[in-house]
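Quick setup: the structure tokens below cover two forms of a single protein chain, split into structure 1 and structure 2.
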Structure 1
Amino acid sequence: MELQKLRYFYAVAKFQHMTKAAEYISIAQPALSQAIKSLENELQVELFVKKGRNIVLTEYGLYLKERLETILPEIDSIPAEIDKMKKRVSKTVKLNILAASAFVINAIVEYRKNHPDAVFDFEQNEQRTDCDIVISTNGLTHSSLVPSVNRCVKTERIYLAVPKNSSYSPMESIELRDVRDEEFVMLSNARLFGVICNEFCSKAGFYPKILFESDSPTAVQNIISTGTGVAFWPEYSWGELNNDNVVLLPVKTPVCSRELIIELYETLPRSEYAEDFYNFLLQQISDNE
């Protein structure tokens, strides 16, 4: 019961005519006769009977034809579907964003304005290695099996966000130890960022009092803007800060920054937009400076 024979059979069943069917599928007529006979042999059933010098379907042949009526289109749709998938996949950029997710999300939104057919597969997974673009930081040990084809290390300054109505807001910059008694808002799930910030504080000689641990930069903004606390705010990672009630102050000492590592990989299948989006990301960072 090979598929080809079933297709042959189906053609003959439709034409009810060997020669025409053979012509249709572009093989010699004896080959077709043989194929049908071998199929009949396999099923141990007559599929056609001679009627005059033509042939007609038997009860069994009719049944087989009806079954094939649904099965063959089903099978034929597979290559087409896979082709569609291929197209979609080639337009997909696989991202592994271990840091600076909000920044990348903004970049994606911006990028799609000019490339509306681009698709982004966005993950945060230290294990995953088969991505086009990985963004990590100096605290992370993301080890890919293959070397990146391009790699950019960007120093990201980390500001102190203070409420506008606080006494700090008019300052140009600040010493971190000056806010040692303030209450801090920290990101809970961005643990790595939390670790770094704690290190800053310990360099400044204090251990921060935690007012609130939140999941989202937005929540951090909201809490700061109530005037009840301060927070560290990374230059790029959380996107632009556009809240009139919060002010970002550079920290004089200690040096508050971290390294953003943006890597481009050659994946298979080749992603059409990967390299272009990589360059777009770097440009976005430059524009922010």
Structure 2
Amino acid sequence: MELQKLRYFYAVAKFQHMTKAAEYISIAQPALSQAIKSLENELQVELFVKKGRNIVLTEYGLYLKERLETILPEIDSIPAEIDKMKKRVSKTVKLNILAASAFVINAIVEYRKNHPDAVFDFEQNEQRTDCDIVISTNGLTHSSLVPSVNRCVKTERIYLAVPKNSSYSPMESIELRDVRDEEFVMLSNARLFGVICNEFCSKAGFYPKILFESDSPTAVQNIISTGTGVAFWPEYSWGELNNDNVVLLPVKTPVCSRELIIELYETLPRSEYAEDFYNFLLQQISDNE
């Protein structure tokens, strides 16, 4: 059934008068009558019957009119809803955060202070392909059917967090092998950062003694904040360590660092904030250097 024919029928059903309906919808009466007849032929039922000089709805016509009273307003609201959706989509930045999640979340909070209408849709999924921005690190591969239009690689130093009351805290830097007998607070090997840190220890000639191990970066950070054990702390990824009981020391050997890879993709539809937020992320890293 053609939507136009249904609209014509509904107008006639409201007025129950062909001439008045034709005048209301600005169509010639013969054309309106023909459209109604065509609809009746399609449905194989009569929708109107004559009653004197007027017409009245049949049982089928009454049913169709009642259905259209719900359906037509819903159809008529679609353009406004699509327009509203377009505006929301244009303000939504799709992020795939495979590394440095705390840093990115903090950046989102700061960015929205000046762009309160910006919306962020983010997840951690190496297979996701419809992102505006992907944040990853070396050792991770993510699939994308769209080549990146901008790509920035930043070296992130990995510090050693030690208790302030330890003999290490006055040092300007440290050899990783010097803490081989200490207990470590670590992310498990289920997380890439945990794997990377175990590799640092292996290069220093030992396997870390684990005081506490978790899949949660937040849990690890909380334990470090108590000044218990020693731990690795990424320069950007976990944000600033605000705890007077802990000191961050650069590691002289082995070199403890990884790459943060921030990529901007040309997705459709493209968020109006995507490129601006990409540049904001780069600026946030530069401000922390």
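The structure presented is a predicted model; accordingly, all values stated were derived computationally and were not measured. For residue numbers, the reference is structure 1: its sequence is counted from 1. Under this definition, the rigid core comprises the largest set of C-alpha atoms superposing within 1.5 Å between the forms.
- Note on provenance: structure 2 matches the form predicted alone.
- For the chain modelled as two rigid parts, C-alpha superpositions between structure 1 and structure 2 yield a turn of the smaller part by 17°.
- After superposing on the rigid core, the C-alpha of residue 9 is displaced by 3.4 Å between structure 1 and structure 2.
- Taking the core as reference, the Cα of residue 47 moves 5.5 angstrom between structure 1 and structure 2.
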